[in-house]
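Only one chain is shown below, in structure tokens, and it's the form predicted on its own.
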């Protein structure tokens, strides 16, 4: 297979799917790798670095898509890329198809095979912690008076209390947010449905600044919060919310919501994805920060982690083919969105009301000649 890594075109996205070290591993085993010129620039990788690692550096995206049959990316397939899609393409990237019917339509119409990388990480995406750390940092910044916040310091000085933050969800994203918030001195309460997650967080942060509570107690804490950091990935089919529009009325002046999960009308009813170009909007006097590619702000670290995670799937796919690799790895199979025009992804089918093919039938089908 010829592997292609095009440059990401989502606004303010600096990550790249493969760094030169990943490319070198592939080319040293005889693989052909195509990289679009400039793809790694914001991640600290120059075109010359890719060339030295054995990649063919091509001038534009069209050349990479045309020359490769295995496309690896970071973000979803955007409309400008639809015209590049071919039936023989295998695509591995963060697709998020459940919330994007148009993208799903284009993938099915092309008849290609697509795997959603976001669903394949057994222990969570390596960029989850970065999202939590950076998102909490942005939330703290927005609490400062010049940005419309309550004007509290993140440390408690001269008897004044510091920023008071609530973190919803204590998985990998929430743990990243805690590192930033508690590292900077914010008073923080963490919420999670799972007792074990709360216990682990308490053991990781034995400080008077931090305590946990059951999610049912959230409403008791909202009125005193300066910053709410949501790290709960909300199921797309649910129409209830942890924080409703009406509940915003009870927040203190200057309060900030930083929704790292940024599901549209998800855990927070008033959330909708934004970009780094226009990251903040206001609802009922409460500013919302809902950038949907937060790790893209630190592409050097983010690309290193993401590329290493992809390589764990790329290796078996190259050695055995995607069907055998999915059959052996249930986490890789979990991310299979479509193949040969058939939708396989369970969440996408449920949210969009579509029929889906059985995974076992798709994996058992003979490869097209």
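Numbering follows the first chain given and starts at 1. What you see is a predicted model, and the numbers here were worked out from it, not measured in a lab.
Form predicted together with a small molecule: not shown, discussed below.
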{"property": "Partner-contacting position among 84, 234, 137, 154 - heavy atom within 4.5 Å of the small molecule in the predicted bound form", "result": "234"}
{"property": "In the predicted bound form, the residue from 133, 187, 292, 76 that sits within 4.5 Å of the small molecule by heavy atoms", "result": "292"}
{"property": "Location of the small molecule contact in the predicted bound form, chosen stretch of 226-234, 100-108, 141-149, 248-256 [non-hydrogen atom, 4.5 Å]", "result": "226-234"}
{"property": "Heavy atom of residue 192 within 4.5 Å of the small molecule in the predicted bound form", "result": "yes"}
{"property": "Residue 181, heavy atom within 4.5 angstroms of the small molecule in the predicted bound form", "result": "no"}
{"property": "is_contact(residue 266, the small molecule) in the predicted bound form, heavy atom dist at most 4.5 Å", "result": "no"}
{"property": "In the predicted bound form, residue 173 touching the small molecule (heavy atom, 4.5 Å)", "result": "yes"}
